[in-house]
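Just one chain follows, in the form predicted on its own, and it is written as structure tokens.
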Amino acid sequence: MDLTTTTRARVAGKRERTKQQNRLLILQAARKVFAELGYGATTVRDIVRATPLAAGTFYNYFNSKEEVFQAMQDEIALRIRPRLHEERAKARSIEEFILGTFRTFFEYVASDEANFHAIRRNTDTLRVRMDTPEILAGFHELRSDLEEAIANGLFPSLDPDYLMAAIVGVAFEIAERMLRRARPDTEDATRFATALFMGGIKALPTINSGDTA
């Protein structure tokens, strides 16, 4: 490798690090502003003001606050999905599957409270933006894990779509209320959510394999 090639590689590497740093600054600022003002009241200008960057720099990375919000959700999903899948894969009973899923999620939320609050600050927005690529991939992964657990006899023959939706809904709602308490207790939240599901699963009728698509 000649000197010119080495120099170009060094410059390219520095440019890439700068891009990553700027994107991170924007996301960090957005988390803070969304949590403080709420999604609806936040503007791109508010986000830019919370960074040391020029206004024009923002648009090198995102076209709108909606794209920033989506990136925040995808970033969370990318971090937590491998942990959730690992817990579910090693489960040897329904209770281990459910308990591992809730505990992993609640512990993650407690460790990244600011990020979770930024996402949950506006409930209507959250429901609209649950269609981000990584969030959807996480839902599909949960459904796939449930289908595999049912096929292996770990779960009774239940509707995997309903199970997925119920797990997601309970996880987010209990996590939000857990964080409102003076001392968030992840184990208490895990026990409650797990007991709720274990009791509910026992009461549900099974379905025929052809009842779901």
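Start at 1 and count along the sequence shown; that's the residue number. Keep in mind that what you see is a predicted model, and the values were worked out from it rather than measured.
A second form of this protein, the form predicted together with the DNA, is not displayed here; the remarks below concern that form.
Stretch 43 to 51 is the answer when you ask which of 176 to 184, 160 to 168, 43 to 51, 145 to 153 has residues with heavy atoms within 4.5 Å of the DNA in the model of the complex. Although the partner is absent from this view, residue 61 contacts the DNA in the model of the complex, with a non-hydrogen atom inside 4.5 angstroms. Using a 4.5 angstroms limit between non-hydrogen atoms, residue 14 touches the DNA in the model of the complex. The closest heavy atom approach of residue 19 to the DNA in the model of the complex falls within 4.5 Å.
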